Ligand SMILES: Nc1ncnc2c1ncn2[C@@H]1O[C@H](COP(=O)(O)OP(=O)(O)OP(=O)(O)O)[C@@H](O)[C@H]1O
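Shown below, as structure tokens, is a lone chain in the form predicted alone; questions about how it binds or moves come after it.
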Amino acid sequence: MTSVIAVANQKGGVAKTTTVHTIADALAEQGREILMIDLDPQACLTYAADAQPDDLDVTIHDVFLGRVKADDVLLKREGPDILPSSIDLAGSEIHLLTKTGREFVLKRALADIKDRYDIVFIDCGPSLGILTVNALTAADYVLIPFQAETLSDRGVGQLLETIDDVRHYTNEDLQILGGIATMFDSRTNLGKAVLVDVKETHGLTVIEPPIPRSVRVAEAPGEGVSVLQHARRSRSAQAYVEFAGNLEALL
């Protein structure tokens, strides 16, 4: 049975896209059928997967507008497949505001293709707007990346409030898998303190291991690959592989 995981945090710069790309690659290497959905108008996941949004005839934006089906947008790749994005997706939010049932568009669109996959990852943009609500409505689970710093910790609380709203109105079965600490520096007291605070204040399970900060992770998207292909022996790559295994065990 397919598991749909929304990777969300309205704060930018917490490695949502890197997390989706890398754990999707790690699980695909283990023989799992994986789909990634880029639900961010900045299209960072699309770029990272070595696709050029400006060169694509159709993207997930066209699915939201009802012009095409998800299957018409799907990019089949060696490794995880992807439903790509483009800057046009910013217009989808405006379009959806006037539509009845706007929270369910992505869920309906995925109905025809999701059963081909073991896991579907949805990379959400840095907002709590209608696109993120669509992701949470379509998902079975939420994974919350956060940077171990005070402002990121505050963002976790805001996201949990949105998840509660989604449970009340559009997806009562939505479950929180846990959090993933990214860009973690074990040498700082702040990082350690935020990990404890996330657990105690928000009751959020933090899935092990935290992902160490590394320039190798930042370099990988420019090569159109994840850090697993760019620098497999790096500590961050190895941490993501271990994390992917721990995540799958929770499904």
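Quantities reported herein were computed from a predicted structural model and do not represent experimental measurements. Residue positions are given as counts along the sequence shown, with the first one as 1.
Keep in mind that the form predicted in complex with this ligand is missing from the display, and what follows is about it.
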* Structure fact -> Contact with this ligand in the predicted bound form, heavy atom within 4.5 Å, among Met183, Val225, Ala26, Val206 goes to Met183
* What is the one choice in Ser214, Thr201, Gln52, Thr188 with a heavy atom within 4.5 Å of this ligand in the predicted bound form? -> Ser214
* Looking at 26-34, 191-199, 66-74, 40-48, which lies within 4.5 angstroms of this ligand in the predicted bound form, counting heavy atoms? -> 40-48
* Asked: Might Lys11 be said to contact this ligand in the predicted bound form, defining contact as any heavy atom within 4.5 Å?
  -> yes
* Proximity of Ala15 to this ligand in the predicted bound form, heavy atoms at 4.5 Å -> yes
* To do: Could you confirm whether Pro126 comes within 4.5 Å of this ligand in the predicted bound form, counting heavy atoms only?
  => yes
* To do: Answer with yes or no whether Val58 is in contact with this ligand in the predicted bound form, where contact means some heavy atom within 4.5 Å.
  => no
